[in-house]
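Before any questions on binding or motion, here is one chain by itself as structure tokens, the form predicted on its own.
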């Protein structure tokens, strides 16, 4: 397929998507004027029946927990496809050219001392904030999806200092693959626990605890942790695969 054909297909698909989005947005109620029955029921029931003070997390991991399982494996499958495709391309390139000695010392220019210092300060802050979002998702706005992205941004701060391969030592590819796969599998296995103990897949078999406390909302914190693991591994794995294509090369000045 030629580049012109691919561009034509994209333009047709993009135009169709734009029309659908415009029609959909035009049918939305004005801001502050949506009064759906489902939303009212959720706002009333989730804090009392599930002891979750963050309704968005309750929606993700309780009312539509099965949908979230599908979203998890969509992300897992897409990241797996990206990793396999880009890894194959990189292996082909490495076979075509001799590996440059000293590649392990690779760095790129442009990072000032101030940027390097800032990146060192950002790493622990991002990791701490990401962990907070994951573990407190049932209490405050956050959860595994949001927290996973913030956790993935922690090692990326090393990249701001111009030391990409140092980032890869902090977050090695094998560890990212394990995190991605383990998080996706853990969510499915948690749901299997509900099937074993209650007879319903993803039904909550755990005590709900006291509303507003960290150990509350049944298995929602476990689901949030599983999603956080998967999202962290998925995003970092995807980013490093793309970075490998563009950043890893002969050390500067060689």
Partner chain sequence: MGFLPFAVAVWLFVIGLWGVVSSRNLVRTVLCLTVVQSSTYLVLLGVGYRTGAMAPIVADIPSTSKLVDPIVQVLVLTDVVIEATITALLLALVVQAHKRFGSIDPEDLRPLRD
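Positions refer to the first chain, counted from 1. Predicted model, so just to flag it, every value in this text is computed and none were measured. For the two forms, the rigid core is made up of the largest set of C-alpha atoms that agree within 1.5 Å on superposition.
The following text describes the form predicted in complex with the partner chain, which does not appear among the structures shown.
Enquirer: Only one of these stretches, 179 to 187, 119 to 127, 166 to 174, 134 to 142, has heavy atoms within 4.5 Å of the partner chain in the model of the complex; which one is it?
Expert: Contact criterion met by 134 to 142 only.
Enquirer: Using a 4.5 Å heavy atom cut-off, state whether residue 112 contacts the partner chain in the model of the complex.
Expert: Taking the distances in the model of the complex, the answer for residue 112 is no, it never comes within 4.5 Å of the partner chain.
Enquirer: Is residue 55 part of the interface with the partner chain in the model of the complex - any heavy atom within 4.5 Å?
Expert: Although the partner chain is absent here, residue 55 would touch it in the model of the complex, with heavy atoms inside 4.5 Å.
Enquirer: Could you tell me if residue 160 has a non-hydrogen atom within 4.5 Å of the partner chain in the model of the complex?
Expert: No, residue 160 sits far enough from the partner chain in the model of the complex that none of its heavy atoms falls within 4.5 Å.
Enquirer: Flag residue 44 as yes or no: does it have a non-hydrogen atom within 4.5 angstroms of any non-hydrogen atom of the partner chain in the model of the complex?
Expert: Because a heavy atom of residue 44 falls inside 4.5 Å of the partner chain in the model of the complex, the answer is yes.
Enquirer: Enumerate the residues of 5 to 20 that have a non-hydrogen atom within 4.5 Å of the partner chain in the model of the complex, in sequence order, or give none.
Expert: If the 4.5 Å heavy-atom criterion is applied to the partner chain in the model of the complex, 5 to 20 yields 6, 7, 10, 11, 14, 17, 18.
Enquirer: Core-aligned, does residue 49 move its Cα 2 Å or more between the shown form and the other one?
Expert: No, shifts by less than 2 Å.
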